[in-house]
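In structure tokens, one chain follows: the form predicted alone.
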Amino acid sequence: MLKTTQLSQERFSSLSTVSRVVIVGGGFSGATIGRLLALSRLFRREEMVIFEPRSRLGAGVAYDTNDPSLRLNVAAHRMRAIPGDPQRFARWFCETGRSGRDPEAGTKGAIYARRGDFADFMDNEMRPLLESGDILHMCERVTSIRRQNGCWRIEGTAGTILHADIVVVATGHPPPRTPAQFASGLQCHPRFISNPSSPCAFQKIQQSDNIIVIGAGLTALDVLATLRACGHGGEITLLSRSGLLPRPQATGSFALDGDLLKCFPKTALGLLQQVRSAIDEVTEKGLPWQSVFDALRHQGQAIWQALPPEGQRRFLRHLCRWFEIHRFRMPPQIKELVVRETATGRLHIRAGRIVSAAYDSQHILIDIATAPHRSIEQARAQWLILATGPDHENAIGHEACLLDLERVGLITKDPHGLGIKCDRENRAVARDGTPVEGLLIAGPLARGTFGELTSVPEIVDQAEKIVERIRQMHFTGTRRMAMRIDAE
């Protein structure tokens, strides 16, 4: 893959520095948009560039791992990554022999593949387009995006400078944020791990060390799975404000026909009531409650957009955590691990809020306001691991190129703190409230406008809409150029 990237860069250096489309970020969102654009034959070869510092496209933070204990939290047949061929990943997983090399993947009639396998699948899909030159991969991070002479000027960490007609921002999930309660005291402490996805994050942890993990969602369960797979046997405590774990996936095959909600609620309370009513209805028919949340996926964005801003805020404040633990569920393998570890007394789940943190020569000490009475208790462990998930509120601040755009008012945070503000055509919304032509926001960064934009099928749907938007922009620009030539 590195050889392909080097050839692309050499080939690119001999070309004009004007490109039609630049995609900033080559995780699943950016790679999918690039792939669909390349297959559309909308542009000539070498007119489309993806900036991504990783050596492969399509993996991003979510799938860029060789850890065999980390699995997809949905079954392979539901990873509808390729438009028009929803079973492509499931077939590839079996045809390449990976199902035979991973006997633990199959459970209760479904396959839950390793995340690294999905990264390999995306690499397999992208490689022919890279080798043909339909996509150029700049293996570097973008440091600057500026508007210049009617085009976008993009600069990378390796010194690449080019101009583009269209920029798609697909930088994905930002890193987690250290809570203020111990940011100053522990930020540089050697036994405080602020980003568990960083390479060799757990290398110095001893097998008998006790660990407190801040967070109890899927990221925290990843930490648990990785540590146990590495032979760690000490006690692990998952601490979150609610103390709620993701719910398990249901077994068997089930589906709801038609739309779940016949009319969209205008309040968060109305949404809660309708969902509860739907769960009662399906469970009476013998279907699992999970079928309701799977059906909600097809209407999720429409439901979110139908809520007024206050309804959206109330949802995020009061219902978001409950929605997430039912919507983003743990795979069966992780469920079995949680049950086993809880039974042995090596895994503890606590609800509470961190008040302060300190350390001595042997331990990290934290004061916890426990739920529901908010009495203060002290906990101690050799290690503290932050696993609260991405800090979407800092989606702009963690990327220098986005700070550039924010400083000049071309992008702003969305009002809910979920990412970057954009309109329903995926155009960035400037500080003055106007859409910015030629600057599109893709993937989880657009959640504030569209609602759910985390899972593969939803991202693929958005990618198709962005490609269609680029197609319209391209044909409009081509017609205008032809009219100017005719007039001359």
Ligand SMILES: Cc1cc2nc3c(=O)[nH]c(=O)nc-3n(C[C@H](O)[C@H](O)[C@H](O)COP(=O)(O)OP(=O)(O)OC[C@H]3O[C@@H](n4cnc5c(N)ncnc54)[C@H](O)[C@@H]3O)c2cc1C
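Because the structure is a prediction, the values reported are computed rather than measured. Throughout, we count residues from 1 along the sequence that is shown.
The following text describes the form predicted together with this ligand, which does not appear among the structures shown.
Partner-contacting position among 272, 205, 186, 401 - heavy atom within 4.5 Å of this ligand in the predicted complex: So the residue touching this ligand in the predicted complex, by this definition, is 401.
Candidate from 173, 413, 350, 326 lying within 4.5 Å of this ligand in the predicted complex - any heavy atom: After the contact test, the surviving option is 173.
Listed range touching this ligand, judged in the predicted complex by heavy atoms within 4.5 Å, from 313-321, 140-148, 359-367, 378-386: It is 140-148 that comes within 4.5 Å of the partner.
Heavy atom of each of 34, 136 and 461 within 4.5 Å of this ligand in the predicted complex: Per the other structure, none of 34, 136 and 461 touch this ligand.
This ligand contact in the predicted complex: residue 24, any heavy atom under 4.5 Å: Residue-level check for residue 24: yes, a contact with this ligand.
Proximity of residue 419 to this ligand in the predicted complex, heavy atoms at 4.5 Å: Heavy-atom contact with this ligand at 4.5 Å: absent for residue 419.
Proximity of residue 53 to this ligand in the predicted complex, heavy atoms at 4.5 Å: Residue 53 belongs to the contact set for this ligand.
Contact of residue 61 with this ligand in the predicted complex (heavy atom, 4.5 Å): Looking in the predicted complex, residue contacts with this ligand include residue 61, since a heavy atom lies within 4.5 Å.
Stretch 79-112 - residues with a heavy atom within 4.5 Å of this ligand in the predicted complex: If the 4.5 Å heavy-atom criterion is applied to this ligand in the predicted complex, 79-112 yields only 79.
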